[in-house]
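One chain follows as structure tokens, the form predicted alone.
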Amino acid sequence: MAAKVWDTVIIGGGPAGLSAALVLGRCCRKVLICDAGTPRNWAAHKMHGFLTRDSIAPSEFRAHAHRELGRYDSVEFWEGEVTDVTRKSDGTFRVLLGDDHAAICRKLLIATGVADQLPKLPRIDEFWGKSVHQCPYCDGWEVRNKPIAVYGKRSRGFEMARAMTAWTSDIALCTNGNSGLLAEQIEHLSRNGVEVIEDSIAELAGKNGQLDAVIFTSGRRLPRRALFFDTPCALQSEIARKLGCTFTKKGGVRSGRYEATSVPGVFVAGNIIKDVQLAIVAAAEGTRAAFGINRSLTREDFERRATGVKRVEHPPVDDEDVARRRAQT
């Protein structure tokens, strides 16, 4: 495997990486998909909002994708963790697979996604992915018009509570202590029928994954059918940071045209960008990145055959990047 030079190594086997592999496979590109098997939606029973695949189980979605990609001989899978990536002097990348294998590639697509940080609430693991969720766009419809709890503090709690008003009018914002909300925010929530409860949470109550109530240390029992939270999520991999990619204020990898990063040859797609975090958006970003990757590869090969010059073609990241490149030509 080490002797083969791949056109692209894709790190991450979720919707973003799989969609990119499909496009690149159809472009006759040699692609290696590295999948550590740690999807963000590991606890979810169904995946929603993906046209033609609404309510499909995530495992079934991945199985469908693997079968489709199996039609393309140039696309291969490697199951395991990418432990390191280094950019070589010629612009290619050395990707360390596990502890003792390596792959060389011309382009790198990082689609490793993020991992949610669950609130530290007793018994939350029992309900996670079933009646405790972090994305109303993914799971709000299933609990429409039902009593909902929102967990969060300050602007995060406020934004989630406000978002949930699209699905239900029975919302309680549970902050598990001082809310950190501004008086104006509390007033606006109240006018929208959202109760702010700052009491400490003792536990979540229910059975078989179905939330029934939020229990407070005061003894109050608040009947709820679901809980949505908004807490920070963390990148699953530090490879982008190690390679020197720049980041946004939100903590996502900064990308420009065709999801290109600030590092030539490196592209990103999916939740690692920390923009709209939906499976179908991740797939679209993977497709955009694949377009940019194939475009760059084609231009590099065309120029090399025409002039003998070898160089790394990379889409601009921003207006400053465009201006800099124009000044160099």
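From a predicted model like this one, the values you see are computed outputs, not experimental measurements. Each residue number is its position in the shown sequence, starting from 1.
This protein has a second form, the form predicted together with a small molecule, left out of what is shown; the following refers to that one.
- Think of it this way: in the model of the complex, the small molecule has a heavy atom of just one of C138, C233, V196, L121 within 4.5 Å, and the residue is C138.
- Out of the listed residues V263, L297, A284, L278, L278 is the one that sits within 4.5 Å of the small molecule in the model of the complex by at least one heavy atom.
- Contact annotation: K46 falls within 4.5 Å of the small molecule in the model of the complex, judged by heavy atom distances.
- In the model of the complex, A290 stays away from the small molecule, with no heavy atom inside 4.5 Å.
- Taking non-hydrogen atoms only, I11 approaches the small molecule to within 4.5 angstroms in the model of the complex.
- The small molecule is not shown here, and in the model of the complex it never comes within 4.5 Å of any heavy atom of R29.
- Only one segment in the set 245-253, 177-185, 111-119, 159-167 has any non-hydrogen atom within 4.5 angstroms of the small molecule in the model of the complex, and it is 111-119.
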